[in-house]
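Heads up, the chain below is alone and in the form predicted alone; it's given as structure tokens.
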Amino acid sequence: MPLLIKNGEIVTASERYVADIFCENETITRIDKNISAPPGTEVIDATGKYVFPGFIDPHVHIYLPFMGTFAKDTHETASRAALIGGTTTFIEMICPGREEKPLEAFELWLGKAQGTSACDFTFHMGVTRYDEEAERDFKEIVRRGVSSFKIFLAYKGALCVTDEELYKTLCLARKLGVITTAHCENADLIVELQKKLLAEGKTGPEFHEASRPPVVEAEGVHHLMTFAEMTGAHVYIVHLSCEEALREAMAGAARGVNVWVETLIQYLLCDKADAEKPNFEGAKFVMSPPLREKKNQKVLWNALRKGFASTLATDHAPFDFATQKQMGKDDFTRIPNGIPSLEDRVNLYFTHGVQRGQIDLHTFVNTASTHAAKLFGLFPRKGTIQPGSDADLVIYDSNYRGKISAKSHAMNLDYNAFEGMEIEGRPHVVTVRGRVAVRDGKFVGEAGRGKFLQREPNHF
């Protein structure tokens, strides 16, 4: 069925104007004033509301075996939550163990998402080891449409790569035209600091941040900058949390390193005091890199505003508080890492960014949608509103007022890190390729309608 959205204020990364949008065969086919609806067209009146391109979360974990357990969301629950929050596309991290074959891991993750996700999806391919067999697999995975890698400079003995593997990964990425996303810390320093703290009897979640302080993250970024400079590879720092790490990234960029920075909604609104809450409540806020001192929030907002940070993501990784987080009750190193935020990213970013004057509407759209589409080979199919683009649209009601609560969220877990926070605005209608998936906070779409988005390398 064709779809016509009338009288909305269209906002992209660079334009803002009132017009109608006509969608047919899953794409936007016409943008104009006073479009007449052909017979059989669904018409939505967007008067007084913004119309944004569907938002893209470039960093989520859904199927995730991690620290002896599994993340709680399925692709069905996560995609529903994403859509309710205005996210129409996400990029999931494939995180195989070192002993797993990369191609088998890719097929496993793809199989989990296909037929269940209600929104479109693609992947970053995790490189957790590098040998001849793995290299052959990586080339085949790129051929199948995954044009980004993910490496870890953390989680020693599990996901972390050696320097030799890092060098070879970046060389292959440069050769194939693939961007490499990177978790930047120093795995060895973390292990030693964890041992020291535990030996001193410091076992609670409040000591997680001390085991991987800002200097450890900054050292990881510096390390990546060196290897990227040596190889000419394009790199993307995931979940950057602090001023020290940002300074190292900017120093790399200043000397010609091809580097982009992602930060998270958690780092803008929460701080290390949350992870220090009594009665083990702090475990809800344990993630890596950790929440930092509050002073970093101003730095990160400025980075988004000035373009030093390109994207705002979630690193969504949901683990129940009552059961899974309790695994680290007597040892903070065993708390499953992650703060779920897939559903709340866009509304909180709009509330605390746009409504508070921290960022303008164009920056909002660019950092939460467009720039991710450009970096990861999805633009202009995704991330903008123009004829020929997929009809992923968010009709946004900036007058809505509400409150976040685990009791009402769609994510499949028992707590919300943003519990009780007010939101000023939410999606009124969300479409996926021209079909309505959300109306007034309720999911009305179809599980399994989401498509795997194949991407081409060499998109720089």
Ligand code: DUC
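Residue indices: 1-based, along the sequence shown. A quick note: this is a predicted structure, and the numbers were derived from the prediction, not measured.
The protein also exists as the form predicted in complex with this ligand; that form is not presented, and the subsequent description refers to it.
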| query | finding |
| --- | --- |
| Which of 404 to 412, 59 to 67, 431 to 439, 42 to 50 sits within 4.5 Å of this ligand in the model of the complex, heavy atom basis | 59 to 67 |
| 4.5 angstroms heavy atom contact with this ligand in the model of the complex for residue 183 | yes |
| 4.5 Å heavy atom contact, residue 84 to this ligand in the model of the complex | no |
| Residue 338, heavy atom within 4.5 angstroms of this ligand in the model of the complex | yes |
| This ligand contact in the model of the complex: residue 308, any heavy atom under 4.5 Å | no |
| Listed residue (155, 321, 207, 280) with a non-hydrogen atom within 4.5 angstroms of this ligand in the model of the complex | 155 |
| Proximity to this ligand in the model of the complex, single hit among 237, 359, 287, 173 (heavy atom within 4.5 Å) | 287 |
| Partner contacts for 90 to 129, taking this ligand in the model of the complex and a 4.5 Å heavy atom cut-off | none |
